[in-house]
Every structure is written in C-alpha cells, then in structure tokens.
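A single chain comes next, written as structure tokens; it is the form predicted on its own.
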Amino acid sequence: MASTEQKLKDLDRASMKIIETIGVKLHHAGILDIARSCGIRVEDGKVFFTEAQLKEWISYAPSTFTLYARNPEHDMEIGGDRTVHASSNSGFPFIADLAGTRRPALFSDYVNFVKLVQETPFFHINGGVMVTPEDLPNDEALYPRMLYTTLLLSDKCLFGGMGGRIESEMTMALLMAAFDTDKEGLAAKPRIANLVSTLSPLQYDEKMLDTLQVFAEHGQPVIISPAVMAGSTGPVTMAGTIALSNAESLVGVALSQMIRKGTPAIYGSATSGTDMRTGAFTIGSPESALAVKYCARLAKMYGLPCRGGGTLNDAKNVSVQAGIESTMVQMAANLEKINFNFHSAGSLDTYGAMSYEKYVVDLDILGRIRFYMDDISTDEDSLALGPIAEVGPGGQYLTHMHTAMNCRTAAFISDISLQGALKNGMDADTALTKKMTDKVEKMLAAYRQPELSSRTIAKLDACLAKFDVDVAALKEKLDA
C-alpha cells in the first residue's frame, strides 16, 4: 500500500487535473469577472486555474491568523498545530429530547445555547446559527437579530450566519457599531468567521459567493467547506470524493485572495459518505473520520489553516450510537490537529437537531480527549519514586500525602459518567439523565452577562433599527 505521503501527492495531482480540465462553475457574474481580470480562464461560467495560478493565489492566504474577541482572553490564534473548538452548529431547526422526540427550536433555546457556550471553557467562539428559532421573523434580519443577541450576551469571538449579501452587509454594520471601527479597522482586527459552503459537485451558488465577497472585502475569515457526499455528490470511492472536495476548497481559497489578498481563509471539509442502502448522508462514519484526516494533511501541505470534524453523529437521540460516532470523529480531528473544530457540542441526527443533554455529554468527550492529548508528565513528582519507596510492596496509596496533594488534578473527573455504587436505589438510566440535566442547569445558573457599555448597546440598537427590526420586541423576548 502507498504511504500517506504518496497518497497526498496522488490526491493533489488528481485535484489539479480536475481544476485545470473540468473547472468549477461559479453562479456569480461579478466573481467571474474578478477571476477573468486576474488572468484565469473562464468559459461557460466555469473557472479553470492552471496549477501554477492556483498555488500562487492560495499562497497569499495567511498560514496563521488571530480572530479577536471583545474580551482579549478569548482571542483565538488559528493555524499551525493549534486546535480550537467551536460549538457554533449551523442552522439546526429542532431541539431533541433524550428519547429523540423533536420540537421546533425557539429563540429562548438560542439564548440558552449562547449562555452555555459562554460558560464553556473549551470554546472561544460563540453565536452563528446554533439553532434556527421558529418564533423569530424569517426575513433578511434573522441572523442579524441573533448576532445582536450574541454581542449582548457573550464576549467571545463570533461566528457568522446564514444568508447572502444583504445579511452579510448587515453583519458588518453591526460589527462596526459594536467595535467602534470602520471597514479597514475590521480588516486589521478580524472579529467574525463564516462558513462558505460549496454546491457539490464543483459549483458555488450566488448566495455563498456573495457571502465570500462581503466577508473578504472586509478582511473577515472565511471557512471554505465542501460537504461532498461519497456516492451521491461525489464518487463512491473516498479517494475520488476527497480529490473533488480538495479541488472545491482550494478554488474557494483562491477566490478569497482575488477579492482581497491576505484575507484569512480556512481550508475546510465537511465531506463524508452516503449510506448506499438509503441515499442518506452519513457524518458519524469512518468515512467522515478519513475525510478529517486528509483535510488536515492536505491543508498543512498547502500551508493553510484547516477546519473539520466535531462530535458528529447520525444518532436520533443521546445513545450508544451517538457516543461511538461522536468520539470517533472528534478524536480524529484532535489527533490530526484540525485548527478550527466546528460542530463540537450538542448535535444529533446528521445536523438535524440540537440537544441540551448531548451538549454536556460532548463536553465530557472533549475533556477526555484533551486529557489524552495532554499526555503524561515524567517530572519528579509525577514519577513518584519517593512515594513508591515509602509505600513499598503490599502497601496502599489512598491515604498517602502524595495522593492528597495531587488527587484533584492528576485524575480525569467526569461530570456525566456513573462510577461506584448507585445511590438511593436509583436505576442507571435515571441517574445518568439526572447528571446530564443537573449539568445543564448548573451551567445556566452560573452564567453572568459580560459587561457592555450603554453607549455600545445604544449604537447596536440604532444599527438594528435601521434594518426595520423592532428592537424593543426583541429585547422583550430576550428578557423573557
């Protein structure tokens, strides 16, 4: 079998052939004009880069960059071997309970998840469209309402929302109001990252290209993320699907640099497989983990930051299936040092629903993986030769001072798992459920709203009002 290095070369060669000879279709006259003006061959709405052209343009994207938060403690350096997590799931319309029963997501759920993310030490990015609230107007100001809410409730870095040009321009207006800056000031200190998805195979639609253009013009990071489905929107073989996904992602990165050189661009992949028995997209599969592996390695080969993974699963409820699949994909992302880890907590049912219980279970998974990735220390205290000599053969360590001094930090302590005997005759399922719900309630009770000046709030109110949003009604819902 070929080495991984040879496979990367093979995938790169195949992707270059796709880009040079098949092309990528752009449903956007303005972006086609930009590509044409940069010397790229354009025919029938498709762009055809030579390998030299493509690799020159992607070279302008920074290999590392900083995303700035309202609170500098949450600034994120993205790239290299650093892994950062975001639970900013995208557009989930439902909330699922423990049994998997679904109900429409509400604005109160969005508020709860913003608070939970603010309280989660693993996460330094908040917002996006973690759920799509059924009780907010489904208009062009839907995401700006959610961004406004996140700006009030969180001081972490920000994630973008769904929509196209109008929503993206509203986003930039809110950010300039929040951070008292202008377009160039935003570019100097990027505040928000957003997803740009492809229309596989080998297409970008107008809405996504509008989003790409507005974000790049303002110097805000874009995450180019194909979600090629092996066997339906890509070849059934994973090598062919990864080559196709690679081609789509690289073209998106190149386009971002044509719009504005130096725009932070993250090479992404949400690529996975198709269940060939049903035609369903499967994200909690070994194919998903393999796509994560090659996303990371290809991106690093091109000198680009990468996005992939998450606690992905196809389970309908919090179950054995959910745990197995989520841990597999998330572990692959951490082992491969994925830089920007999206969908890190709360999702069920192939991006179909959010779950409060799954959110805290996923935090437990992230904690276990971090403990494993931190590895062991072999300093004098950790090797514990003194205590070993003192206890000697046949002794015990439970009451030794070394244990007392290290017991709160040396061992992994789960907030979710059951250990030891069950108390009060409680059955295991009930005990486990209680630990999940107690954890959610404890996190929400601990939430404290970060301070934001009345002047900034007034500017945000005025900016949102310009979009014909009833700010008073939104605040009433927020305070309910």
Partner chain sequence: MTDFNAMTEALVSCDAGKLTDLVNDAVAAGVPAGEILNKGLIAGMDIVGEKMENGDMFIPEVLMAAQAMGSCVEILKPLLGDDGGASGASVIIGTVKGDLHDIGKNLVAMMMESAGLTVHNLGVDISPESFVEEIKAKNAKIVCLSALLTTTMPAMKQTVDAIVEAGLRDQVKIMVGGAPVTQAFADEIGADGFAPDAGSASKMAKSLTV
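Residue numbers count along the first chain shown, from 1. From a predicted model like this one, the values you see are computed outputs, not experimental measurements.
The next section is about a form of this same protein that is not shown, the form predicted in complex with its partner chain.
- The contact with its partner chain in the predicted complex, taken as any heavy atom within 4.5 Å, belongs to 93 out of 100, 80, 93, 386.
- When its partner chain is considered in the predicted complex, only one residue from 166, 239, 301, 276 comes within 4.5 Å through any heavy atom, namely 276.
- Using a 4.5 Å cut-off to its partner chain in the predicted complex, each of 132, 207 and 233 places a heavy atom inside that distance.
- Residues of just one listed stretch (134-142, 214-222, 369-377, 328-336) have heavy atoms within 4.5 Å of its partner chain in the predicted complex: 134-142.
- Mapping the unseen interface onto this chain, residue 199 counts among the residues with a heavy atom inside 4.5 Å of its partner chain in the predicted complex.
- In the predicted complex, its partner chain lies within 4.5 Å of some heavy atom of residue 162.
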